[in-house]
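Coming up is one lone chain in structure tokens, specifically the form predicted on its own.
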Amino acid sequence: MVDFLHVLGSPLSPLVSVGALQHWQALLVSSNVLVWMFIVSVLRFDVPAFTMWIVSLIDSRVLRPPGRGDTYWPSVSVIVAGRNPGAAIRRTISSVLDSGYPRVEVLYADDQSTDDSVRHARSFERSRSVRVFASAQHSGKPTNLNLAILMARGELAFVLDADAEIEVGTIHRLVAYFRDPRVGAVSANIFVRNASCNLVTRLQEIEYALNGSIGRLWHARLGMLPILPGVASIFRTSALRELGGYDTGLGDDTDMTIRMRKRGWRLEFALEARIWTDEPETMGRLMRQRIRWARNMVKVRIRKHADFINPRYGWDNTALALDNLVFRVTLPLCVLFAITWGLAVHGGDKPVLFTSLYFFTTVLVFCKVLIANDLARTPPLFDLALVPLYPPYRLLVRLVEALAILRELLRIGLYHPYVPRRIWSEIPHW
């Protein structure tokens, strides 16, 4: 670490000098694992973002929905399922009613809250655009979503988290994609509402911009959107009902995404449809969230939908399944192994290598933040000052996810405490 900081604190010449370039050439020839993983990661995570930006400069239509007419206003049921959101549910419902969309209703399915959430939600019922369903037992979010889907009157069902807010015009931008009858669902663009809270939320703001806004944008334009986030996604109500609603177990949004893709529906991402939600404000809560996400990914993508890789579902889905297997499972495990092995065998005798990897990663992140700000207006440019902290933050998240993936693959500690025990006992565990 001392050698790493010494090299990092030196002028940039050690990183970009002829000697350093010769050192990198030697590393490539010797097939250094870390270097090759870095190159593969750049090709997968960075090159598409730069390509999308260049394409948008040539033709800005790649950023806009396919039809912007003012005559297509299908009815929309905004479905919210929550447990103990408290007064936050008022902001969520108010943002929908004030969104400016002419044909909208809100269905709030309460999951046996122990606070005053139901009272706050019922205060909107006099508008006749809000209906509240209070469950008599704790059944989990998917079960309550399914109840609201059955009760929905709209042609489209907009699934929204109980602590999220939408901007004026967001629903208009989402429904525009449904002019295409092949489109079955559209993901909104998610922003971190509490980003100004502390360093942890600021780094998440950068992460959501790079992996969420830009990552989902280029994935969707290639027809390979990997996730319809449960925070804010809109569906054809008929498609949800045809699929039987959400899986009442784990990974409800991931499972629904794969089932929609298996049925041949086209999935889109609306860059201009902005949703604001709160994210974890402490490192402990953040890591618990990412552990849950990583374990759900293995449970749903690797176990339940192992057949998703079959070409009968389309080569785009096969490519998406392979991408998930390589970059969401294999690569994190390889990074965990490579770092552990490198520190154990080589110790700190390669400070130039580690410093060079950090330097080039930081430069790439800096450029991607500028691209994200240009295309999606997020993150704000003052977040550029935090870019040097982003690579170690992402590395930490990746390592925690890798350990969670390993535990799930080994079936260690399978129970997820946010799923009611009654529901857990009823669902299959692949």
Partner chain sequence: MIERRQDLFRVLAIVQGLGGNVLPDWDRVSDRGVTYNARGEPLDDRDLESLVQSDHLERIFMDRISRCPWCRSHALNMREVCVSCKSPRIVAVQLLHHFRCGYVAPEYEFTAESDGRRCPKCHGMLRDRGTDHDAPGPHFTCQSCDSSFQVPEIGAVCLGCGRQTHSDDLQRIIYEDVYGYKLSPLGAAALRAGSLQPKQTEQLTEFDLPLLRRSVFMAFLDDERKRRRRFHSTFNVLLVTTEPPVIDGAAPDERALIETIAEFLTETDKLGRLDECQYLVLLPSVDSKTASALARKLSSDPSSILREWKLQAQVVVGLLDGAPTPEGIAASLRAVLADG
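Numbering follows the first chain given and starts at 1. Since the structure is predicted, the reported quantities are computational estimates derived from the model, not experimental observations.
Although not depicted, the form predicted together with the partner chain is the subject of the following passage.
In the predicted complex, the partner chain lies farther than 4.5 Å from every heavy atom of Arg103. Although the partner is absent here, Val132 sits close enough that one of its heavy atoms falls within 4.5 Å of the partner chain in the predicted complex.
Within this chain, Leu150 lines the site of the partner chain in the predicted complex, having a heavy atom no more than 4.5 Å away. Contact check for Ile302: no non-hydrogen atom falls within 4.5 Å of the partner chain in the predicted complex. Partner contacts here mean any heavy atom within 4.5 Å of the partner chain in the predicted complex, and among 283-291, 162-170, 121-129, 309-317 they occur only in 121-129.
In summary, among the residues Gln204, Ser356, Thr143, Thr92, the only one with a non-hydrogen atom within 4.5 Å of the partner chain in the predicted complex is Thr143. Proximity to the partner chain in the predicted complex, defined as a heavy atom within 4.5 Å, holds among Phe269, Tyr208, Trp276, Tyr246 only for Tyr246. Contact with the partner chain in the predicted complex holds for all three of Ser139, Ile423 and Ile427, each having a heavy atom within 4.5 Å.
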